[in-house]
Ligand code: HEC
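Below you'll find only one chain, the form predicted alone, shown as structure tokens.
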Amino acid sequence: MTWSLPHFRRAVARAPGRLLALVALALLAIACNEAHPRNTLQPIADTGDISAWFYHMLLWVDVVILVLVMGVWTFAVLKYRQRPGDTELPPQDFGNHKLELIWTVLPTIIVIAITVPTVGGIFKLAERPDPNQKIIVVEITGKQWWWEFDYIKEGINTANELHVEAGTQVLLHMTSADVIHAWWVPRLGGKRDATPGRRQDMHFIAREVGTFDGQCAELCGASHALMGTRIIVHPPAGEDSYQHWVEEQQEKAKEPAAGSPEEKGRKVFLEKGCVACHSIAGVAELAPGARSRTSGPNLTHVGGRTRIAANTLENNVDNLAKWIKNPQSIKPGALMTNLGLTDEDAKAVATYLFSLK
């Protein structure tokens, strides 16, 4: 089809109706606003509140600009469209200094209006926690493909599930043992890169008790998509309190009963080389001064974790056995060694590990 000037004019005249249809469709789409477990616009911490506020501010500024621009455009299309019988070009005006001044000054004002609160928010996010109040300090190390958490003051080394206390300051020191990772729990706020040889800090105060999922947000290899994390926010008091969790984690591993399947599993764990990569307090101890074996997570209380393989599988005996027997079938490229265990030995080790709570 060859477009002529009349075709173009008719298309322009019909544009406002099509625009209204698109706007109606967009409004219908955003009306589907059901809760989502990784919704950054439902923050649970002070840092997330700042990020969400900026999102809404920029959204409404953009909406106002869109409405004004499209309104002026629609007015111009309707008022100055060619009418029947018009055969001459309208008067041609050039160099309207008033208009040029308006469309230079207005964007400048808008940019300044956005920049001032943005800079304030950046400084707010960079503030250090109050040293006179309780602070939970955790060193986070990204590894292919899981997260190691070191609670230095509490003497706890664990993996993938970060436990904190509602209403208490949390300070995270992040780095990486191999490639660049990025730690991100959407409902906490922004992302932080975990870079080899560098330390990135992040702090927040979670106000909502519950479990919230996260994800590595930096392409880091074959199983990047399976490098999840989870933050569990405990209440300040009660049986499920943060302090209660700390006391449980500081205990040594539970001793299996003589002749039990758990005892058999511990024997396989020790004899098949699992201790080369994993530590268990009271069973496979670390060298003096060491915090972890670097290659594999600390398994002292692995049975108490809600999920395994960096938030990939629900934690139960069957899933543990599948993971132990052939980790690469679940997480492609996983660095965990396939020891060639029999189904029976894998089930025994899984039964033992699941008992460590």
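Start at 1 and count along the sequence shown; that's the residue number. Since we're looking at a predicted model, the values are computed, not measured.
Just so it is clear, the following notes concern the form predicted in complex with the ligand, a form of the same protein that is not shown.
Proximity of 136, 151 and 156 to the ligand in the predicted bound form is absent: no residue of the three has a non-hydrogen atom within 4.5 angstroms. Screening 264, 191, 278, 173 for any heavy atom within 4.5 Å of the ligand in the predicted bound form leaves a single hit, 278.
In the predicted bound form, the ligand sits within 4.5 Å of a heavy atom of residue 269. Proximity of residue 43 to the ligand in the predicted bound form falls outside the 4.5 Å heavy atom cutoff. Contact check for residue 273: a heavy atom falls within 4.5 Å of the ligand in the predicted bound form. In the predicted bound form, the ligand stays beyond 4.5 Å of every heavy atom belonging to residue 229. Contact annotation: the ligand lies within 4.5 Å of heavy atoms from the stretch 142-150 in the predicted bound form, the single such stretch among 197-205, 142-150, 240-248, 175-183. Of all the residues from 307-345, those having a non-hydrogen atom no more than 4.5 Å from the ligand in the predicted bound form are 308, 309, 310, 320, 323, 324, 331, 335, 336, 337, 339, 341.
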